[in-house]
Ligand SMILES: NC(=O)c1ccc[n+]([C@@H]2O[C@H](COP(=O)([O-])OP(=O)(O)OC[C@H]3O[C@@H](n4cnc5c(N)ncnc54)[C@H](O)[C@@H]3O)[C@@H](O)[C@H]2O)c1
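Only one chain is given next, in structure tokens, and it is the form predicted on its own.
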């Protein structure tokens, strides 16, 4: 295999990619990576009046992925613009930084976890992924090719270590539960789509540094073999691998990048 063949394996030239939760920290990283690899990128998110950074040429569509009608309309918009959909990254999730205003009720003792938040976790993290996948698969079947990447977390494969959080704070039971479901969501869709050349994989991530407290960062880092939290761009090459033909013989699998957290 020569240099040109290797570059072609990782090229996303003229491919159309949708990223849910695209306006978030990691969503933006994935978007930049896919754009620089040649893809036409569309971001789905619920943020109002979102402004794209100057170094990213992409489309932004405000859509609540927990609403099936909104998802279907957004997919129709993408098809009107580009006539096809090659890549779907189910990235959206409720996962605010510990200590932030948005996290106020998400770190409660499990007996007190609010019903409305539990339902919202399910709606965004799992149901939203289902709605988006349901909506794009018929078009991928017509194209006879496509790639779906479901984003999970170390808390989808291990129980949360609540010792690293402030006293009285516990990692969201809704987040951990839905991320645990993501792996079998992937396997089920991959097996359902057998012989179609539509590949479905999970990318499982370790925690990302996002200006958490010094105490939390130290406690979290001590749990990893590499001794640190992830940087926001540590997963970009993995996204490119899973989105491109470089992973053409991979489906129904889970790629874990967690700094060694789960290997101890």
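Source: prediction; values computed, not measured. Residue numbers count along the first chain shown, from 1.
Heads up, the form predicted in complex with this ligand isn't pictured, but that's what we're talking about next.
The candidate spot formed by 85, 147 and 200 lies out of contact with this ligand in the predicted complex, as no residue has a heavy atom within 4.5 Å of it. Contact check for residue 64: a heavy atom falls within 4.5 Å of this ligand in the predicted complex. This ligand is not shown here, but in the predicted complex it comes within 4.5 Å of a heavy atom of residue 175. Proximity of residue 140 to this ligand in the predicted complex: non-hydrogen atoms within 4.5 Å are absent; the residue sits far from the partner.
The closest heavy atom approach of residue 124 to this ligand in the predicted complex falls within 4.5 Å.
Think of it this way: in the predicted complex, this ligand has a heavy atom of just one of 205, 238, 58, 39 within 4.5 Å, and the residue is 205. Only one of 46, 226, 52, 219 lies close to this ligand in the predicted complex, with a heavy atom inside 4.5 Å, and it is 46. Of the stretches 86-94, 159-167, 188-196, 111-119, only 86-94 has residues with a heavy atom within 4.5 Å of this ligand in the predicted complex. Along 149-186, a non-hydrogen atom within 4.5 Å of this ligand in the predicted complex is carried by 151, 152, 153, 175, 179, in order along the sequence.
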